[in-house]
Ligand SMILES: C[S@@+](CC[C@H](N)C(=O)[O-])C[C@H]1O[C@@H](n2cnc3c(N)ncnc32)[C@H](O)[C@@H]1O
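Only one chain is given next, in structure tokens, and it is the form predicted alone.
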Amino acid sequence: MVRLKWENKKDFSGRILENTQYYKDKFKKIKITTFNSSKKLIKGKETTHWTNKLIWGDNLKVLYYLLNDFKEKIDLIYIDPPFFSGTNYHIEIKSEAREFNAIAYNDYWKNDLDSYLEMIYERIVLFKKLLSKKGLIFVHLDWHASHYIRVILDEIFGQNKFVNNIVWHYYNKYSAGKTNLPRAHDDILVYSKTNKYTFNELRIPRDKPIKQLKREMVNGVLKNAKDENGHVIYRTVKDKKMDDVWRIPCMQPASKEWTGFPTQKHHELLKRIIKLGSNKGDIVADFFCGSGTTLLTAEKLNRRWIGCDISEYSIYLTRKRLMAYFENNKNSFKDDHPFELYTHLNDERVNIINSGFFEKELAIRRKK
């Protein structure tokens, strides 16, 4: 087994149980009734039925918290972590009262690859513990560090648990580069926990129908199908089996799904991932949930979900998108709030909540 080494690589396996117990009761439910109503903090009572969970906080702490109740229970994990890009992603926020700038999330590591790898490594270890035996993990990366993360995934999950390297080809992204070919794809590394994982064959429409030889399996060998006269059989096909290169555009401001959050991924990308690796009723999780595309897509596809992000702007946008969806489809829901919001309360978060932040109408866009 090839293993990736870096300076001061830590073995934290001895702390997992201790940290799991420490964070067991750290995250509390926040009750925010509507965008324009009063707000209060409550300790939420456990319900007897499933309720989706949006968690505001450091995902490492959230992972330890979830290990208390969700060990080997999450069926699909998708993460779109920092890429080691050396960039902090700034946003512009406009409210009725003022305009200001903020950081949506940090991806500036001072070229310290060791720190970046350590951050990813500990989380992947915990992802594996949360993943169910039928589960898949999808790790979304670009050219900066995907080669390193694949070795880490091999080490933690095992080389034989590699399923696919999906290439997302975004054909509509502008590139001003003069010293290299335009970088027009990301990699999504897919690993399983066992050999009995959920995997649904998907078919995608062709640009136009084509005439194709009909094939059939004969004694384990794929052969051309023939009629009673020995002539090969043709058929007209309008779709094809989806392969590992996905041609899906980048999100653009003209899209009705656009939120203004940096690096927002296309909903069709997440739709394919969730359909491919889970079934209705399965639990889908995204621990770098950004603007909430994974969670909203999971909701639309009748999956249960858990989402997490450390940024209050991420939680704001995710919650707003979900609430808008529920409002537009309220006849389909028995509950006015089919998800719960949790956080690890501290003075800063209490102040943000009590300021009415989540009830405000904010316009958010990536700073140019």
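What you see is a predicted model, and the numbers here were worked out from it, not measured in a lab. Each residue number is its position in the shown sequence, starting from 1.
One more form of this protein exists, namely the form predicted together with this ligand; it is left out here, but the text below deals with it.
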Would this ligand in the model of the complex be within 4.5 angstroms of a non-hydrogen atom of every residue among 123, 263 and 308? yes
Does residue 136 reach this ligand in the model of the complex, with heavy atoms at most 4.5 Å apart? no
Does this ligand get within 4.5 angstroms of any non-hydrogen atom of residue 278 in the model of the complex? no
Is residue 197 close to this ligand in the model of the complex, meaning a heavy atom pair under 4.5 Å apart or at it? no
Quick one: does residue 343 come within 4.5 Å of this ligand in the model of the complex, counting heavy atoms only? no
Taking 4.5 Å between heavy atoms as the contact cutoff, choose which of 284, 273, 289, 131 touches this ligand in the model of the complex. 289
Taking this ligand in the model of the complex as the reference, which of 246, 105, 127, 157 has a non-hydrogen atom within 4.5 Å? 105
The chain here is shown without this ligand. Which stretch in 291-299, 183-191, 216-224, 202-210 comes within 4.5 angstroms of it in the model of the complex, by heavy atom distance? 291-299
Counting only heavy atoms, which residues in 50-69 are within 4.5 Å of this ligand in the model of the complex? 57, 58, 59
